[in-house]
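Here you get one chain, nothing else, as structure tokens; it is the form predicted alone.
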């Protein structure tokens, strides 16, 4: 059987290892940066974790970097505007993001404003950014979003109660520094919540109708195996460096995969719910994942079965039974990680016809839904939401 044509793009250099922050200055210099803005949140700024990062940059450039530490957990347009203003006023030409998904996405959008100027709305959407931006280095402190290698960024528009998406290969960071020491102090609940986000990336990407290829498939398969073997251990014992390393690398692998092949209905609904109710993205994905998988089962049974056998949650030769075993494993993982299993537990208020219609409309217009392996109607979205509540 002939292999289908595909394009796989991974422009980000990935550096994994302990004490990785000490190499950041070298990468800034290599990328031609002369004045750096570090984008982070208040917790990391107060934690002492920035000291080796600042020292490395200052040692290489002879200039101390600026620090913008006002990024909230659910970042928004006003935060982006504030960070971009600081970068412009101080003639910054390189950005270093250290934090979770919100920090990295904020840094990406700040970089859009700094590099391209104009109205932020002009750059919203897919492939509206058509040239290189200033150098960007991403240093994740969670294991889940994959934003350190992805082509996508999302920030909230509080006035519209929705999330704005930006997507372009030019958004991918130039360098990702993966240091497992940075995540040993991540609380168990956040370890689980960000980890289930990476699990969702693996599963949705594996069945997405994007440019799936042996390259994205292999990343999904092995990343999901690592998460199956190590996520619960990392959640139970944050000091286990082997578990932390495995989940960190798995998250980045899943990020490389989904940024090439897309995700699906689970992410589309999670974006809608998160935009309206401010729920945690990873936890929202976790609640919706079994329901999205059951909806996609008619179109994805064989792929789900392949995943199930690869991660050894089923040896059944019948695809139907193996695929069901994968869904059962996801449900069991949510229980094992003590994560919410329905939208009510997540804090979403009871959904009436108006809110169901609004969420359905938001999800229908979300770019993620175009890659779902099965066509999704408004009625389907409402049914998934009702089932997940």
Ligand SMILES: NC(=O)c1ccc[n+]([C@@H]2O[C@H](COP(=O)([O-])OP(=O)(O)OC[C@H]3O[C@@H](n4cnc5c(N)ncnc54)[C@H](O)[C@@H]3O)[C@@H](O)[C@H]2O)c1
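Positions refer to the first chain, counted from 1. Source: prediction; values computed, not measured.
Quick note: we don't show the form predicted together with the ligand, though the next part is all about it.
Residue 182 is the only one of 248, 94, 182, 129 with a heavy atom lying within 4.5 Å of the ligand in the predicted bound form. 102 is the sole member of 296, 235, 216, 102 with a non-hydrogen atom within 4.5 Å of the ligand in the predicted bound form. Among residues of the shown chain, residue 204 is not one whose heavy atoms approach the ligand to within 4.5 Å in the predicted bound form.
Contact check for residue 74: a non-hydrogen atom falls within 4.5 Å of the ligand in the predicted bound form.
Residue contact check for residue 114: none of its heavy atoms lie within 4.5 Å of the ligand in the predicted bound form. Within this chain, residue 314 is remote from the site of the ligand in the predicted bound form, having no heavy atom within 4.5 Å. Contact with the ligand in the predicted bound form, defined as any heavy atom within 4.5 Å, is confined among 102-110, 224-232, 297-305, 130-138 to 102-110. Using a 4.5 Å cut-off to the ligand in the predicted bound form, each of 142, 153 and 187 places a heavy atom inside that distance. Contact residues in stretch 19-53 (any heavy atom within 4.5 Å of the ligand, taken in the predicted bound form) are 41, 43, 44, 49.
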